[in-house]
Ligand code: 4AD
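Only one chain comes next, encoded as structure tokens, the form predicted on its own.
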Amino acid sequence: MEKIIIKDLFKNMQNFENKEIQVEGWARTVRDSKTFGFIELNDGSYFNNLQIVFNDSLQNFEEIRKLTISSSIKVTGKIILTPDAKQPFEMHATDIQIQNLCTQEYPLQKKRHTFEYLRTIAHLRPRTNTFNAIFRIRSVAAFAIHEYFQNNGYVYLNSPIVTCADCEGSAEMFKLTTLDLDRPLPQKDGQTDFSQDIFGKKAYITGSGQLHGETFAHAFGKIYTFGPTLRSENSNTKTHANEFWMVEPEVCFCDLEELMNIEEDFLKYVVKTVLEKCPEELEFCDKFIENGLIEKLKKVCVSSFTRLDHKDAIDILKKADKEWEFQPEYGEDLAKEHEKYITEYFNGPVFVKNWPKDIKAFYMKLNEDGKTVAAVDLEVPGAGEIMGGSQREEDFEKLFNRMKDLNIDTDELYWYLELRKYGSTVHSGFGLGFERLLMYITGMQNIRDVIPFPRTPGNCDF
């Protein structure tokens, strides 16, 4: 007996007409009457379910009609095309074997559950329609990211997770130690003596692979990293998590304008791939999560992204006939309400570039005005900032002086500075928060609902 996955049935239903096959999966719903019944079966291979029709000719009919939701079963039967029905085909069962009878206490009964409740059963929520769609989209989007960079000549770099360089601000980085915290810590000169720790000095879980990425970019020309990132900030917003995934390409011989071209092309590729490969999942998201989602995504694929300076964005915000919770200012960052207004103002994604140097990182290239740096954030409707990038400072003296001005340890980052001595180039890169991209693609409003097991302040379950 040929065992078939449900995805193959939907993709090639004509090939299975009137054929007897075998499928295995979990019962999503069960409806029965005295002499026949229906089972909605899903095996994880496809978003849609296979309808199983069974009747009292089965030897174990009474047992099957009492089947509980999420029980696992093996079904043998014949595929019958039903073009005039709601579903395109169904399977008429000749034999159903119960592999595991799910208990009556199963928490996902056939009713609506809130996202907040489903977070408390994160080990089960992928079985719901919503999260089945979300995490299938996540898988396809992740593959599309690799595909884009591989097709365009980038080298995939596995940058280190552990670092001893406090280059991003230790306040946002998790500390890593093997010292026994239940005992008095070793002291030297009135401070903790980290020379007795495993790496002989303070160590952190890095919040970015960028600096190491730049080293490889100067060997391969174009590289990218894609992996988990950890930040220790105590933020409880809908767009922040302590563990998330980041995509960070670095490109040599690339200025800020070319970087924006890459960002736009990259985003369109990923969105286009999800549109092509996840039509059923996106239709579900469009219907139940964000009405008009598919049209929004299609529009992104064919539109040009607006590009404007940070100063011009502030001008627009200041002229807006709107009461702000946080007043827009020329030397400050954009608040969520500002990002939302700007994307609505231009009716699509917006690059905000040339930011005030005092609110951006030390490695960003100083513009000729001496006040701004060649930095850019990409703002998208619904998710706000999903990409942040810049042209990197390629001049040794300028970078060295900038680090001194900000009291950044140049000895600790000697290797990063040396890139500016040994064949430096005009180079740029960006970071993409993968979960924020998924929020944009799916319409989900909370980052906790696009990552399998969210890690946020006070929450490290599962």
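Each residue number is its position in the shown sequence, starting from 1. If you're wondering where the values come from, they're calculated on a predicted model, not measured in any experiment.
Another form, the form predicted together with this ligand, is not on view; read the next lines as being about it.
Placing this ligand onto this chain after superposition of the site C-alphas, with its pose taken in the predicted complex, gives no ligand atom within 2.4 angstroms of any backbone or C-beta atom; the site is classed as open. Within 4.5 Å of any heavy atom of this ligand in the predicted complex lies no heavy atom of Glu281. Under a 4.5 angstroms non-hydrogen atom cutoff, this ligand in the predicted complex lacks Thr372 among its neighbouring residues. Residue contact with this ligand in the predicted complex: Val350 places no heavy atom within 4.5 Å of it. Under a 4.5 angstroms non-hydrogen atom cutoff, this ligand in the predicted complex has Arg392 among its neighbouring residues. In plain terms, the part of the chain that comes close to this ligand in the predicted complex, with a heavy atom within 4.5 Å, is 207 to 215 out of 336 to 344, 80 to 88, 190 to 198, 207 to 215. With the partner removed from view, the residue among Ala133, Ala165, Ala141, Met246 that has a non-hydrogen atom within 4.5 Å of this ligand in the predicted complex turns out to be Met246. Checking Ile386, Ala313, Leu267, Cys254 for any heavy atom within 4.5 Å of this ligand in the predicted complex turns up a single hit: Ile386. Residues of 428 to 450 that come within 4.5 Å of this ligand in the predicted complex, judged by any heavy atom, are Gly429, Phe430, Gly431, Leu432, Gly433, Arg436, Ile447 in sequence order.
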